[in-house]
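Take a look at this one chain, the form predicted on its own, written out in C-alpha cells.
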Amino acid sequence: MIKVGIIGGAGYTAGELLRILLNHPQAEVTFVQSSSNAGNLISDVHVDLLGETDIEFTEELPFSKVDVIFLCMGHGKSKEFMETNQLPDSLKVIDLSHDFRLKRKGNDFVYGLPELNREEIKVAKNIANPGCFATGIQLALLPLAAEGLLKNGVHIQAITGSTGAGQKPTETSHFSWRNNNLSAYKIMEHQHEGEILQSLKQLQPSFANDFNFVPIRGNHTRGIFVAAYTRFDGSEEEAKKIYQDFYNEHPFVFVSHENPGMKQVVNTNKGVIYLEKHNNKLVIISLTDNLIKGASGQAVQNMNLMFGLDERTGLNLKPVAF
C-alpha cells in the first residue's frame, strides 16, 4: 500500500483527493494536515465523506510514516513549505499549486501532465501538477505542436466552474453573483499561460506565434469547456488521425465523433476532444473536470505512475450525466 499524507486538507482539491484515495485499492491515507481544523473529523469539513472515514485533521507532519505527500495549499505556500521543512530523501511530493510548474534553475519538479511527460513522471521524485485551464488547453493543442503544425496564432475561449476559484468565498464565486451570470477575467494575461507555452515549445520549439486566451467565469460549479481554433491546412479527417494517434496510448483522453457536452466529463479524470474544420480553421473543443483531471484526479494519476501502478488505478469514475 502507498501511504499518503495531505498538507492543507480543508479545500476543494484536498476533498476530491480524499474522495478518490479513500477508495483507491493501493493507497492508504495516513494523515491529513490542516492547522485551522486540527482535531476535527474530516467528514465535518468534507461532508460528502460522512461514513467514509473517521480520520481527524492534524497539525502534525509525520513524514517518516508516508511514501508521498500532496501539497494542497495556496499558491506561494508550497514553495515556502519546501524551503522550511526537511523532508526524507525517500519521500515523493506532488504539488497542486502553481509554485513549481515553470522550469527554472534549482527547480527539480517534473511537470505532471502524463500526456506530455509520462516517462519522466515515472522516475520523478517531485511533481508539479498542472493547472486546470492549462490541462484542458494543452490537451487541445499538444497533438498539433507534436507535428509542428502550430504555424499561426492560436485563439482560445474557455469557461470554468466556480470551484476553480477555490473554497474560500469571494465576490465572484458568491452564488448570488455567479448564478445566471458570465464574466471574462484576466484577459490575455491568465497565470496558466506560462505553463501552456512552456509545454507547446517543448514539442514545437519554433512556436512563437500569438497566443490569445480569454478565460470566462461560468455559472456552474465544476467543469472546463475549451474552444480553440487555429489555421490548419489539412482535412478534418487528417486532423482526427493526428489526435487519435497522439492519444492512442493515453487512457483518459478520447477523441469524440459527436459534439460533446460537459456532463460527459464532470466527476471523471477524462479529457474529451472534438474537432471540426471550417474553411482554413481547425476548431478544437476540449472538456475536462477542473477538480479531477484539472487537479486531484491528475495528481492521483501521477502518483500511480510514480509508484509503478496502472495509471487508471482508482480513477474509473462515472460521469455525472444527468
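Since we're looking at a predicted model, the values are computed, not measured. Residues carry their position along the shown sequence, with the first being 1.
FYI, the form predicted together with a further copy of the same chain isn't displayed, but the following is about it.
Note that among 195 to 203, 121 to 129, 77 to 85, 209 to 217, the stretch whose heavy atoms approach a further copy of the same chain to within 4.5 Å in the predicted complex is 209 to 217. Highlighted residues V4, L91 and A134: none comes within 4.5 Å of a further copy of the same chain in the predicted complex, counting any heavy atom. Exactly one listed residue, out of K241, K151, H250, H174, brings a non-hydrogen atom to within 4.5 Å of a further copy of the same chain in the predicted complex: H174. Only one of the listed residues (Q191, N107, Q157, S235) places a non-hydrogen atom within 4.5 angstroms of a further copy of the same chain in the predicted complex, and that residue is Q157.
At a distance threshold of 4.5 angstroms between non-hydrogen atoms, A227 is in contact with a further copy of the same chain in the predicted complex. A residue is said to contact a partner when one of its heavy atoms sits within 4.5 Å of a partner heavy atom; I69 fails this definition for a further copy of the same chain in the predicted complex, lying far away. Remark: K65 does not count among the residues lining a further copy of the same chain in the predicted complex, judged by a heavy atom distance of 4.5 Å or less. Taking non-hydrogen atoms only, H98 never approaches a further copy of the same chain to within 4.5 angstroms in the predicted complex. Residues Y12, E16, R19, I20, N23 of 2 to 34 are found to place at least one heavy atom within 4.5 Å of a further copy of the same chain in the predicted complex.
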